[in-house]
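In the form predicted alone, a lone chain appears below as structure tokens.
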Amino acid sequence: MSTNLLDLQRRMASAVMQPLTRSLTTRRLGDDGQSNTRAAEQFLKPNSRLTALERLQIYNQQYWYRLFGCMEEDFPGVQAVLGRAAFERLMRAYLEACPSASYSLHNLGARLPEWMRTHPKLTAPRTRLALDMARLEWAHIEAFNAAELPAFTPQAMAALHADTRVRVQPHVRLLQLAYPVDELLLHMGNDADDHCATSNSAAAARKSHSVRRVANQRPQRIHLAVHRQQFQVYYKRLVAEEFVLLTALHHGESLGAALEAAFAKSRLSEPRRAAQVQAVFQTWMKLGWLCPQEKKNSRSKR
């Protein structure tokens, strides 16, 4: 590829990906302060109906409309929590601050939860609820797209001991939340699938009522696992000890150290602890959440 062609492609891409104005039109000046009209004339020819800048605007708008559409599809819960207008302000501010850096649009919202933490004014007065929802929706996307490794066999599970290090399936995401956004999101999904709804306005009213009901609740600590089974993503509530145990295993702790961390602050008696451990491991076995650690290739010294 010639240098001139590469330069042309870069300038065209820069012009197409520059943010739109508030009225969703191409800006008069580019990011470099130069006239976009002159820039467009360098790589686009006008025709009988459109100027070079108007032709550029078509590409510029379609690029951003595509990004907006992806964010709306990936974070419908955040939009429901904030409302349409506030969500659009959040979405545009985020995309301008964190432009797409991946070949895949699946990664477009990867930085949204962390970015929302540092820009609370854009989500006030429902900042904490909106952040919980964003974390859940991004975990949902990750769980759907993440790999699945061969799980432990029953024989291998029976051979586990205190020094064993296990791996939690890559598609399992562990969240500590303040609001029951899992129930809210599932309710919204069921409402969207209800073909018997009398009208869109009635569905919107039910959604708004559900959001207000959750927003008015006092924050409570919720432990959640987001995971995948047969190409479907599910949410599973966890007890506190189970959550700490899974988190410790996910961070690479040995089974013995993870169990110690899980029950360090627990008030359960020893018999109840043993029963709980047995129950959660049986559940994890059925779900295939645990798998062997990767074996590191060791090179023999000669």
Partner chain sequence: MPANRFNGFTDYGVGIGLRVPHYQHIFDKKPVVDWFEIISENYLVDGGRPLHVLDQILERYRVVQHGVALYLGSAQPLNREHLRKLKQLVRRTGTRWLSDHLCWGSVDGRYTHDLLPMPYTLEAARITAQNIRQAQDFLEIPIAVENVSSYAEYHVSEMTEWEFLNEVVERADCGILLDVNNIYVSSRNHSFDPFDYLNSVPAERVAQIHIAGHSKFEKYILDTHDHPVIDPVWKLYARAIARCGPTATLLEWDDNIPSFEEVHREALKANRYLYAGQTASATPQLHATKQPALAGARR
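Just so it is clear, the model here is predicted, and its values are computed rather than measured. Residue numbers count along the first chain shown, from 1. Only the largest set of C-alpha atoms that superpose within 1.5 Å between the two forms is called the rigid core.
Keep in mind that the form predicted in complex with its partner chain is missing from the display, and what follows is about it.
Although the partner is absent here, residue 41 lies within 4.5 Å of its partner chain in the model of the complex, judged by heavy atoms. Shown alone here, residue 286 lies farther than 4.5 Å from its partner chain in the model of the complex, counting heavy atoms only. In the model of the complex, its partner chain stays beyond 4.5 Å of every heavy atom belonging to residue 279. Shown alone here, residue 217 lies farther than 4.5 Å from its partner chain in the model of the complex, counting heavy atoms only. With its partner chain omitted here, the record of contacts in the model of the complex names 224-232 of 156-164, 224-232, 116-124, 76-84, defined by a heavy atom within 4.5 Å. Residues are counted as partner-facing when one of their heavy atoms sits within 4.5 Å of its partner chain in the model of the complex; in 100-120 these are 100, 101, 102, 103, 104, 105, 106, in sequence order. Remark: with the core as the superposition reference, the CA shift of residue 16 between this form and the one not shown reaches 2 Å or more. Once you line up the core between this form and the one not shown, the Cα of residue 258 stays within less than 2 Å of where it was.
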